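The chain below stands alone and is given in structure tokens; this is the form predicted on its own.
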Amino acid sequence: MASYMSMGEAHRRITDYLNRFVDVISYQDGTSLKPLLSLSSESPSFLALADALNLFQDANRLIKQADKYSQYAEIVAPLFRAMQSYRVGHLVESYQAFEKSANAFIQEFRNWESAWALEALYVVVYEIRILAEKADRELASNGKTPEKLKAAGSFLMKVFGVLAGKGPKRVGALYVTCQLFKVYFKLGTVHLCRSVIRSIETARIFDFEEFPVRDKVTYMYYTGRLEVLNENFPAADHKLSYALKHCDPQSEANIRMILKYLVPVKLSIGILPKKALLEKYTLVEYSDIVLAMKRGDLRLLRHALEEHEDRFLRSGVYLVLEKLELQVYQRLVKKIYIIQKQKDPSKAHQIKLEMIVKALKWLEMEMDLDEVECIMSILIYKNLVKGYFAHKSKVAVLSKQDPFPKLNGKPINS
């Protein structure tokens, strides 16, 4: 802590930092620049420097003493203030100071012809988002309007503009895009993702394959989630499957995050995951849903949705899972069809609605003939059942060829 540090030691730590900062820029050493810009890591060297700054209290004088320091004063002076405020828990002040430093860093970054500082820029971009989230929590706890994450989003758009050129720096655009996605999802303003996605996917300056794998995986994960929200399941399947395929196999937490959305997407297009997969990645909330789909057990599906409702709502997949009822009805009708076929093959394709009512009653689901008729009509309309409905005799007459078409990875007809 600062109380155990002498003034001379504080002076030495600050000048050491300034010398390192100047040297790494002079040598274009991006790897060594990264830790000099990080606050949220709370590394021992950062904590010691922050304590030194709070003890010394006049770092600006040291910056102005030498030209080699003062040329970066607009970056370093507010960065020091951000460190000081962060160390004593004044997170709003820390964010405001860091944003000033970050803006000055971007100006310098523009002037550097090569992309040597790209990894350091990633640190700045990450820190601005993390600090904004912490500052907003402080504002909310004091009864004020959280506004810093929105400001961070504006800053990240500015950074995206800097990277959206034809030079080597453009490979950094996808990392910034992914940080923007995190901001927009957190703020609940996912519609703002569209303009950035358009830039990435339609602008000729970007070649998606040249971006780092890490960033491509994150991008596909977030755009896949957007497709889930839009109920565009084939696109969601493609994007989330890409993210899963290219995700680091050692990153089990990331794989689980992808599967949390990919599993309901696969279910919606008729593909059931294996029990071992759900157990390995602790996605047991889907176990009963899968079982309900296999059995045609509407009661079990509704119970699973009710039991995990909060979790599914937070993930944004509840409505996707709720729509699985039609597939469960299809499975139930198919089971009745199979039983009838074993008893009397000649009449297997004629299913009395009363049989479905009885099956539902056995599942403790009370429905009358009119409700069941409505459900059968929907199943036929959406091509989950092939056949026609004989209204007078209350019988569903199924096609003798392929009466229960498989989805084969395609969504149910809307």
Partner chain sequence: MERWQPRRGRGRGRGSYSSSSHTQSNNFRPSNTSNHPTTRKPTPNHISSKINNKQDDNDPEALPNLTGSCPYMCPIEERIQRERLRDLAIFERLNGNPSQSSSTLAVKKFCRTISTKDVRNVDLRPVFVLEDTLNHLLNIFGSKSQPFEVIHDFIFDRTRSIRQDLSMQGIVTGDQAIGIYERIVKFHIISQHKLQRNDVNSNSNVSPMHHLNMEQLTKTLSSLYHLYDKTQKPNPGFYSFYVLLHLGSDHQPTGESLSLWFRKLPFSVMKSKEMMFARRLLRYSRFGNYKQFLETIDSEASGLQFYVLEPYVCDVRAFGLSCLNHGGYKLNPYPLVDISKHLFMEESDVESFCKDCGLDTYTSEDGTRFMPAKQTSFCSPKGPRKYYPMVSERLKTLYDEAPEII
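Numbering follows the first chain given and starts at 1. What you see is a predicted model, and the numbers here were worked out from it, not measured in a lab.
There is another form of this protein, the form predicted together with its partner chain, and it is not shown here; the text below is about that form.
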Is there a heavy atom of G188 no more than 4.5 Å from a heavy atom of its partner chain in the predicted bound form? yes
Heavy atoms within 4.5 Å of its partner chain in the predicted bound form: does E93 have any? no
Exercise: L319 in contact with its partner chain in the predicted bound form, heavy atom 4.5 Å: yes
Within 4.5 Å, heavy atoms only: does D51 come near its partner chain in the predicted bound form? no
Please determine whether each residue of I14, E138 and A276 possesses a non-hydrogen atom within 4.5 angstroms of its partner chain in the predicted bound form. no
Which one, E42, E364, D370, D58, lies within 4.5 Å of its partner chain in the predicted bound form by heavy atoms? D370
Interface residue in the predicted bound form among Y329, Y86, W116, Y337, criterion: non-hydrogen atom within 4.5 angstroms of its partner chain: Y329
Where does its partner chain sit in the predicted bound form: which of 23 to 31, 375 to 383, 42 to 50, 351 to 359, heavy atoms within 4.5 Å? 375 to 383
Are there residues in 213 to 235 with a heavy atom within 4.5 Å of its partner chain in the predicted bound form, and which are they, in order? R225, L229, N230, E231
